[in-house]
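Only one chain is given next, in structure tokens, and it is the form predicted on its own.
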């Protein structure tokens, strides 16, 4: 591996990749399963529920899900088990230590797509970052496993920043290329989230889907791809909040009890998140644009975090003074659901090639932490 010793004044996104699971779970399917489970649970524990000793399981409705979130379906890595009311989790077979991990498998699919779109090969990449909401193990890093599978020299590491993981990793990649410590960096977001979903909880059983995305960041003076985006700037902010949590981890072994209890899976205070994050995200984006003497009206395309349609529309309305056209702020969560950090990258991957040279766009993600990350891009 050889890396440049000088700084690079122009850093670009030269390609992106997307892997979509073949399995789909619709809102209707989820609701049928949850309601069947709820009816059985509530009948089994009827006396305790009536005595106030146990909380009932709440039933759901497909239209409630769509109205509350904009989601109609999601893709999942493994569908078996999710809709079985005796299981209600994906039945993913454990692989041996000498086999490719599940997360590395989906990461590789997205990575190869990004490399193809950027016109790059393994020899051109100096670093691999796997950044997502969850990694399936602590070590060895999934990034190093992917680096090995692709035959990339250099180094790799994992990052966990919940739903802002993709943008935060792109920041690190930008800094490495800009400073001259890497010629090109491969950022991958293998969001294998379905194992952390509580499919017995009405408020969260519909939220997430699985996917993998990838992006190549490199020097502008050596980029060869047809579609390139100059990174004008990056901005990040974190502010501690306790409204989105997932408590599962190695400490569960020490705690005893049920390591898969509801508090160990994803859970949130949805109304509080909506109330807190929308103004934070709008203020963050406005401030970032002002740093570069831009206004929201200058932005041709908004690639926003795909968590909730109502949230995205409110943030955009705070910035633009109106609800954006779909062509301005494309939505993919209706078919992908919330894919944690990958959502804004899916939107970018599917909706960037029509921009003209000189037009600007913003990638922004926001999530647990709270954390917000953004990049301002300009089509070359």
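Keep in mind the model is a prediction, meaning the values are calculated, not measured. Numbering follows the first chain given and starts at 1.
One more form of this protein exists, namely the form predicted together with coenzyme A (COA); it is left out here, but the text below deals with it.
Contact here is defined as any heavy atom lying within 4.5 Å of coenzyme A (COA) in the predicted bound form, and by that definition not a single one of 11, 14 and 221 is a contact residue. Checking 36, 49, 323, 68 against coenzyme A (COA) in the predicted bound form, a heavy atom within 4.5 Å turns up for just one residue: 68. Shown without its partner, this chain lists 313, 352, 60, 27 as candidates; in the predicted bound form, only 60 has a non-hydrogen atom within 4.5 angstroms of coenzyme A (COA).
Although the partner is absent here, residue 271 is a contact residue: one of its heavy atoms lies within 4.5 angstroms of coenzyme A (COA) in the predicted bound form. Residue contact check for residue 45: none of its heavy atoms lie within 4.5 Å of coenzyme A (COA) in the predicted bound form. The shortest heavy atom separation between residue 146 and coenzyme A (COA) in the predicted bound form exceeds 4.5 Å. In the predicted bound form, coenzyme A (COA) sits within 4.5 Å of a heavy atom belonging to residue 266. With the partner omitted here, the stretch from 200-208, 172-180, 120-128, 247-255 that lies within 4.5 Å of coenzyme A (COA) by heavy atoms in the predicted bound form is 200-208.
Residues of 316-343 that come within 4.5 Å of coenzyme A (COA) in the predicted bound form, judged by any heavy atom, reduce to 338 alone.
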